[in-house]
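Encoded as C-alpha cells, the following chain is the form predicted alone, with no partner shown.
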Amino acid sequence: MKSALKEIAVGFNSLITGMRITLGQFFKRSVTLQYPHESLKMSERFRGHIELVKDPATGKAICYACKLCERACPSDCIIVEGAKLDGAKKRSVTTYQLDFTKCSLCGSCVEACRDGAIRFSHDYNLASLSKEEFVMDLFKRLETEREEEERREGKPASAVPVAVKPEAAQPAAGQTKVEVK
C-alpha cells in the first residue's frame, strides 16, 4: 500500500513539474523567421563545410598546397593540387576539391593547417537534388567570389592562371574540342 501511494506521489510531482515547464513556455514570445527573406544568425562556432581563407592584401588564397589537410582527413574527401606559378616565391593552390558527401566535419583538416588557410564556413543552407553538386572546388569558388568583389568595386578582373591537365593538352583522334574544367 505504501509503495502504491509513493508511486502516485512521484507521478503527481512529475505531472506538476511538467505542467510548470509547459506553462512557462506557453507565455513566452515565439520566435519565427520568414525563411526565404530572413536567415538564422549562426554562432561563431558553427561548423559548415570548409572554405579557403583569402589573403586580405592580395585577395588570393593563403593556401600553398602543402597537403597537410589532405593527409589529416580521415574521410579522404579532400584533394589538393598546386603548382609554382611564374614569378611566385611559393607554390600556389590550383585545385582544392572537397567531397562534402563524405565529410564528417571532424575538423582535423582545419587543425592540421599550420597557416590558417582553411576554416569552417557559416553556410548552413546547402540543398540539392544531386550528389555531384556537393563535390566543390573551393579554389574556383574563392576566385569567383574575388571576381564578384572586384566587379562590385569597379576594378578590372585580374587574370587567373588555369592549370591545364596533360591529357587535356592534346586532343584525341577524332576529337575537335577540348573543355578544361
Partner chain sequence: MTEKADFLTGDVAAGQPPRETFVLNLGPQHPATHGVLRVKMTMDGEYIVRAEPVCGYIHRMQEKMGENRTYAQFLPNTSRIDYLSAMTYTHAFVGAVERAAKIPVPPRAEYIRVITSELNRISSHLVWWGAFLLDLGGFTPLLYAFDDREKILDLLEAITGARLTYCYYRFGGLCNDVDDSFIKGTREFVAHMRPRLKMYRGLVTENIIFRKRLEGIGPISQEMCRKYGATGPVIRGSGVSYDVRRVEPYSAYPEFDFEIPTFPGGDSMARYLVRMEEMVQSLRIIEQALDKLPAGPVMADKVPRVLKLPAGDYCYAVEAARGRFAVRIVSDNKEIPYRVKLRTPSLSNLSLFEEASKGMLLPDALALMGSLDLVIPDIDR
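By rigid core we mean the largest C-alpha set that fits within 1.5 Å across both forms. Treat the numbers as computed from the prediction; the structure is a model and nothing was measured. Residue numbers count along the first chain shown, from 1.
One more form of this protein should be noted, the form predicted together with its partner chain, which is absent from this view; the next part is about it.
Although the partner is absent here, Ser104 sits close enough that one of its heavy atoms falls within 4.5 Å of its partner chain in the model of the complex. Although the partner is absent here, Ser130 is not a contact residue: none of its heavy atoms lies within 4.5 angstroms of its partner chain in the model of the complex. Contact between Cys73 and its partner chain in the model of the complex is found at the 4.5 Å heavy atom cutoff. Heavy atoms of Thr95 never reach within 4.5 Å of its partner chain in the model of the complex, leaving it off the interface.
Taking its partner chain as it sits in the model of the complex, the stretch 33-55 comes within 4.5 angstroms of it through a non-hydrogen atom at Met42, Ser43, Arg45, Phe46, Arg47. Residue displacement note: Val31 has its CA displaced by at least 2 Å between the shown form and the other one (rigid core superposed).
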